[in-house]
Ligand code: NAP
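Starting off, we have a lone chain in the form predicted alone, written out as structure tokens.
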Amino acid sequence: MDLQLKDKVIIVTGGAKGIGEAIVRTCGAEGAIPVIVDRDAEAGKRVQTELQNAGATCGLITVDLSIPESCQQSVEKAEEKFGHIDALVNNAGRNDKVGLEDGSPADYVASLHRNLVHYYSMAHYSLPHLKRSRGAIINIASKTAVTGQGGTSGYASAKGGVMALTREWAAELLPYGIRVNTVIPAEVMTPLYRDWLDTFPNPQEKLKTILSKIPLENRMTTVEEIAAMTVFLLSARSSHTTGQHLFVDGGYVHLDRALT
């Protein structure tokens, strides 16, 4: 299936590693021009170089997205280099474990800046360009917003905010033909997820327990599966889909636990 993404400029925040990296690589494979926006210059350069060596075009902007001015600069640099912006993937963030009991109000606000505020800032500064291209926005959320997890008030509420913003923006941007959707992962093996597993005395035993609760094939969702859904939603093949929350999780969130 031709996703009709050739030469489309797609900004991907947190595009240097994990889910973001997979989205960048999938965009490149479809002939799009992904622009990595990430604070990890070394990882971003590695991905950019590998894509360029494979014949793709890929941009790289190294910034700290927790600073609103950096979001504006990222959008301006992408537009200046490539001349247009066709889509935005808001993905950057991390489960920083800012809880109600162990955190503080200041920690909570900082978590919102790491995981939510830059979603708004990137969309705000991208909007004039997306209006011209009748583009699309994909927000990456997390199952924690739906299920809760415990000990992660900042991240969970940020991801809940992401889901709410998806519906709000989908409604607000209807007149411009801009589609907005959320992709919601659950258990995906990323570098950050591996770091979390390693905090347990027996990481392999913990992983085995998690896998046993994933209904479809008792396995983790791959970053490539998250990327495939994301890039499809960015494409013209998904031209009448907006305001949706798409769970790519092997049935983890919604299927009856009796199945596992």
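So that there is no doubt, residue numbering starts at 1 and follows the sequence shown. As the structure is a prediction and not an experimental result, all values here were calculated from the model.
Another form, the form predicted in complex with the named molecule, is not on view; read the next lines as being about it.
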Query raised in the report: Does the 4.5 Å heavy atom contact test between G154 and the named molecule in the model of the complex come out positive?
Result: no
Report task. Consider A141 of the chain shown here, and say whether it contacts the named molecule in the model of the complex, taking contact as heavy atoms within 4.5 Å. Result -> yes
Query raised in the report: Going by a heavy atom distance of 4.5 Å, is R179 a contact of the named molecule in the model of the complex?
Result: no
Query raised in the report: Just to confirm, K17 within 4.5 Å of the named molecule in the model of the complex by heavy atoms?
Result: yes
Requested in this report: Sort through E224, E217, E205, D40 and report the residue having a heavy atom within 4.5 Å of the named molecule in the model of the complex.
Outcome: D40
Requested in this report: Answer with one of S111, N91, T166, S126: the residue that has a non-hydrogen atom within 4.5 Å of the named molecule in the model of the complex.
Outcome: N91
Query raised in the report: Among 182-190, 126-134, 169-177, 73-81, which stretch sits within 4.5 Å of the named molecule in the model of the complex, heavy atoms only?
Result: 182-190
Report summary line: Contact check, 52-90 vs the named molecule in the model of the complex, heavy atom within 4.5 Å, ordered by sequence, gives V63, D64, L65, S66
